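Only one chain is shown below, in structure tokens, and it's the form predicted on its own.
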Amino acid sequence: MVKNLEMTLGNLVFKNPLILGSGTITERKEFPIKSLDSGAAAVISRTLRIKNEHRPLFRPSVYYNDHYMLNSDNQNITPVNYWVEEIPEIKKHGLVGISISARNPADSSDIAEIFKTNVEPDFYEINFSCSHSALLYGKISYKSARSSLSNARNKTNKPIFLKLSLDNIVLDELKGIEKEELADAFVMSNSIGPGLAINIKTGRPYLQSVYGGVTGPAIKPFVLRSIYDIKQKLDTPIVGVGGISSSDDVLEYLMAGSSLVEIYSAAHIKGPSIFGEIKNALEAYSKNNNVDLKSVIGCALEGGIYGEERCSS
């Protein structure tokens, strides 16, 4: 473990700030294990439900270019028991988080109970709906999200993250969740939109579902702004997500106030090796500037608007 990249969140120690986010590529154990071996500190399962309903199969389900990715894959077909069986093996390679949908609050209690009875992950992430899911099945309310957090909290002492989208951030609600200590971290942002891309050769949308959640570099400035704003009003740690494909992107998120980051679109497009590339670049930055990486967290906040430079070594 390289000490100068180490991050902490509650009682969890991450060997670096890099987490593989939840999505299609974390439906099974193989991609997460490769990501951990490449350099990720933690991985998160595909979002789990007690009952995986029959849903329309969208193919193609992903479209991407240099600026953004549209994602409409909504299968979530792997059952809870699969992860109960595979967590011990994945834990040999690094930290593991389990994602649970907030759509049915009872799932948080039931799923956390199943893992507690067998083998627990290192943390949980309650998924407060991506924009494409919200379009298909309706938005999840803060009442459901709070119930999901509370239900999970009653079953486990493991850290619980709440994954938000820029589309559903309500500061007063987050203040209430912070006051009641329901979440150990806020994760932002899930996909936004949804968006549309049209193939000019066919005159048809690229995705069979027509619309898809927007992720990737295009949303990064908006997520950074949101994190910067929220960190000036709340104390709950932030896990930053959106358009991260380089060490510079990671540093921006840390300087804006994130304690950790999740990477998904870049891993989906480039493969697990992206984690090794970014980890090596962060090691070089830390060595060249003689800093522990955690020392840059929130440094952009300290100077304020037009304030003096705070993030320079």
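Just so it is clear, the model here is predicted, and its values are computed rather than measured. Start at 1 and count along the sequence shown; that's the residue number.
Beyond what is shown, the protein has a form predicted together with a small molecule; the following relates to that form.
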Picking from 81-89, 154-162, 177-185, 210-218, which part of the chain touches the small molecule in the predicted bound form when contact means heavy atoms within 4.5 Å? 210-218
Within 4.5 Å of the small molecule in the predicted bound form, heavy atoms considered, which of I278, L254, I244, A42? I244
Just give me the single entry in V250, I274, L36, M69 that has a non-hydrogen atom within 4.5 angstroms of the small molecule in the predicted bound form. M69
So in the predicted bound form, does K29 come within 4.5 Å of the small molecule, heavy atom to heavy atom? no
Heavy atom of T24 within 4.5 Å of the small molecule in the predicted bound form: yes
Is there a heavy atom of S189 lying 4.5 Å or less from a heavy atom of the small molecule in the predicted bound form? yes
Just to confirm, L260 within 4.5 Å of the small molecule in the predicted bound form by heavy atoms? no
